[in-house]
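Only one chain is included here, represented as structure tokens and corresponding to the form predicted alone.
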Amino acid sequence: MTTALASSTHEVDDAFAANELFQRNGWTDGLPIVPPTEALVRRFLDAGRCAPDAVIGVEPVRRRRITAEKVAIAAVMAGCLPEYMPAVLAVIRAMCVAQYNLHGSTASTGGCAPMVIVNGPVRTALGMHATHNALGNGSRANATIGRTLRLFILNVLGGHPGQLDRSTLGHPGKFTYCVAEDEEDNPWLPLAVERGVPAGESAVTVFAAGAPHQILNEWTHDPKELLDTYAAAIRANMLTYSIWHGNYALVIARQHRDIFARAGWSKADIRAYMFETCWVKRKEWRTVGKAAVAGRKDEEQAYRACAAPEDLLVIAAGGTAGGFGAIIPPWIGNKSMAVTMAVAT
């Protein structure tokens, strides 16, 4: 017997009217939506092999149960295809792990967004984008999987701006923030494999992230000099935003990856160097207008960007030309930590 859907239904004249209804009620992120008809929602549930009332996770603070039906509705609205559902479900499961701190990262004035990194065969099966314009537009799967999370936060968790979502500024990643790692054109282990997922399996990693800070260095072939540029951006973030340690991410495009590869540097080598390089002293706050708090404790105390080398997420993504990369800072220190989750097949 087919399980009935629990969500309310609304009768409208057409898709345009459906979109206007959702806009008026604040059920969308401001962009147009695909109307989540019962037929579409059931197609997505079938693709995810879930009953409508299957519990995908529980928001740890308010104990809000998240059902497959609600996730499917968000995925339809975002413009996903049904085959994206296993990846979407994995991300939602990861966000419900306590260390992600779903409630805190959603409600904070800091304005972070859930960033998703996808590894394994699901990337190519869904046509995900990992090279040119990797953090921008160009892939339906990247865009809509990431957008599903925002619509889920709005409509399932009540994360409306100015209400539960108290972001002072936010950033564009709050529309969508999803990238696939380029596993074919780099010499390194995929991020998910480094984090314990068996090679050849699909997985997602999600962390509460600030906006990306793009860096440029195309004047050296020395791996340490390249990393000094990334490190300078991290230290600047520590001084001007948050001094507390957490998950930082490096997004390293092809031109820089080639330099590291020729020098025989692994991701572990990069993490080790960055761990020793990315730190600041409290007294340095005086140089960025924070003298009022610099002297409250020992000004010589050093603060590291990451509590351990493994907390730095090294991601291979980006186009083949240009000496560019990016650092992606955490929300606020270790209040939220990255979670990696296998995609069910």
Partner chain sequence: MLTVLDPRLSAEGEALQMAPALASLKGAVIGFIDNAKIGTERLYDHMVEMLKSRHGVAEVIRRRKPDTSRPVPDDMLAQLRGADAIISGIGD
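Keep in mind it's a predicted model, so treat the numbers as computed, not measured. Numbering follows the first chain given and starts at 1.
A second form of this protein, the form predicted together with the partner chain, is not displayed here; the remarks below concern that form.
- Although the partner is absent from the chain shown here, 18, 41 and 331 each have a heavy atom within 4.5 Å of the partner chain in the predicted complex.
- Only one listed stretch (132 to 140, 256 to 264, 195 to 203, 151 to 159) carries heavy atoms within 4.5 Å of the partner chain in the predicted complex, and that stretch is 151 to 159.
- Contact with the partner chain in the predicted complex, defined as a heavy atom within 4.5 Å, holds for exactly one of 61, 302, 308, 291, namely 61.
- The closest heavy atom approach of residue 324 to the partner chain in the predicted complex falls outside 4.5 Å.
- Proximity of residue 111 to the partner chain in the predicted complex: non-hydrogen atoms within 4.5 Å are absent; the residue sits far from the partner.
- Using a 4.5 angstroms threshold between heavy atoms, residue 88 stays clear of the partner chain in the predicted complex.
- Although the partner is absent from this view, residue 65 contacts the partner chain in the predicted complex, with a non-hydrogen atom inside 4.5 angstroms.
- Contacts of stretch 86 to 117 with the partner chain in the predicted complex, defined by any heavy atom lying within 4.5 Å, are made by 101, 104, 109, listed in sequence order.
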